[in-house]
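A single chain, nothing else alongside it, follows as structure tokens in the form predicted alone.
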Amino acid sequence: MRILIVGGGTGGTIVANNLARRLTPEIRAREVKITMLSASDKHMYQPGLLYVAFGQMMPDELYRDQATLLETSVDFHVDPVIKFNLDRKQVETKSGRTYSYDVLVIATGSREMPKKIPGLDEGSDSFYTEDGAVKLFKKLREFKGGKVGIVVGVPHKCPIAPVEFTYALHDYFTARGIRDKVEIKYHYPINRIHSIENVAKWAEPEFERMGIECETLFNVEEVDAENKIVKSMEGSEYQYDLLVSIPEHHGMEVIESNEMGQDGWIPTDRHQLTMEGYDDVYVVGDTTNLPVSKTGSAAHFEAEVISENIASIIKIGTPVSEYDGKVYCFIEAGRDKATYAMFDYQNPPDLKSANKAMHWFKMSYNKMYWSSVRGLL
């Protein structure tokens, strides 16, 4: 049995490690082989980018060598896939090699798309890449006062991040003693301040307490970078001194170019996590088109289901588990406080009051992530 995992992010790494441990006897007997193909030899802890944007983490703290995170029985190659031949059970890679499989796991992730909006790339800053987060921190450090606009495109990775960033921005300027010189205005594309209703209800009074202005139904149409004006499709505009954007995300280009899903999101069975039309192809993490948050926790829970089912199919011929849409997200709430959102397909999140204990739990998880991605937590 040849198991091929394409992508070395959270979901792909957990699948590989869980399978390597579950199938140890079969691997030793050479009945099973696990191969991972990745575009990079590095693994990034992506939630840490928010801390980089405020000078609370250094970029080098976000990375580990991918090979060190994998069980030694996993055959790891830095060789990006450029073509999927699903009907022939093969993929082709950048190096020119062809890999055949019996079971394929696609964990290619997602990417921000600022160039979809005219002027957004030139006229705004974002914290969704290392370079972007460092650049934004330098601008925040030099900022002396004025209007700061926050604009959000959907869908995007970590849906809670715009709210967390807004809280952190308020605290940052307060700590510098210039909060009274800064206007913060948060813009969101639907008629509430977050896509998850209970998150919106929780965040709105906090925004009011912090003196943060909000405008909903603000879908960015273009940014006039020269005159520092962001314009919405609805006809309104905002003059800014600093614009922070959370751009719309797509799945990876290789998924789009292989016509495997609109905007790079692969149609995925919501419970079995198989690609529609292919029982031998599993999809994990941001790559899916599932109606759940594109977060590391969703990828983690999905990865556990996928690895359990692949192992059980090999051992007894049938899957034994289903994904219920479970997501668990820490939410930094400012002033060294945090809360969490836990939900699934059937149950919306019920957010509790933020507290310091949950903040320190989140800080601890920033370190525990490396054990988590190894599949040990």
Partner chain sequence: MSEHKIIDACNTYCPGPLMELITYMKQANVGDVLELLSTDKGTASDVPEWVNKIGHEMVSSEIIDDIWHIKVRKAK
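Residue numbers count along the first chain shown, from 1. Every value quoted in this text rests on a predicted model; they were computed, and no experiment measured them.
From this point on, the text means the form predicted together with the partner chain, which you will not see here.
Student: I need the one stretch from 300-308, 193-201, 134-142, 88-96 whose residues put non-hydrogen atoms within 4.5 angstroms of the partner chain in the predicted bound form.
Tutor: Comparing against the partner chain in the predicted bound form, the contact stretch is 193-201.
Student: Would Glu248 count as a contact of the partner chain in the predicted bound form, using a 4.5 angstroms cut-off between non-hydrogen atoms?
Tutor: Glu248 belongs to the contact set for the partner chain.
Student: So in the predicted bound form, does any heavy atom of Ser293 sit within 4.5 Å of the partner chain?
Tutor: Although the partner chain is absent here, Ser293 would touch it in the predicted bound form, with heavy atoms inside 4.5 Å.
Student: Is there a non-hydrogen atom of Asp344 within 4.5 angstroms of a non-hydrogen atom of the partner chain in the predicted bound form?
Tutor: Contact check for Asp344: yes, within 4.5 Å of the partner chain in the predicted bound form.
Student: Decide whether Gly334 counts as a contact residue for the partner chain in the predicted bound form under a heavy atom distance cut-off of 4.5 Å.
Tutor: Answer no; every heavy atom of Gly334 is more than 4.5 Å from the partner chain in the predicted bound form.
Student: What is the one choice in Tyr167, Tyr238, Phe76, Trp265 with a heavy atom within 4.5 Å of the partner chain in the predicted bound form?
Tutor: For this set of options, the contacting one is Trp265.
Student: Please tell me which of Tyr172, Tyr188, Tyr101, Phe127 lies within 4.5 Å of the partner chain in the predicted bound form, judged by heavy atoms.
Tutor: Only one listed residue qualifies here, and that residue is Tyr188.
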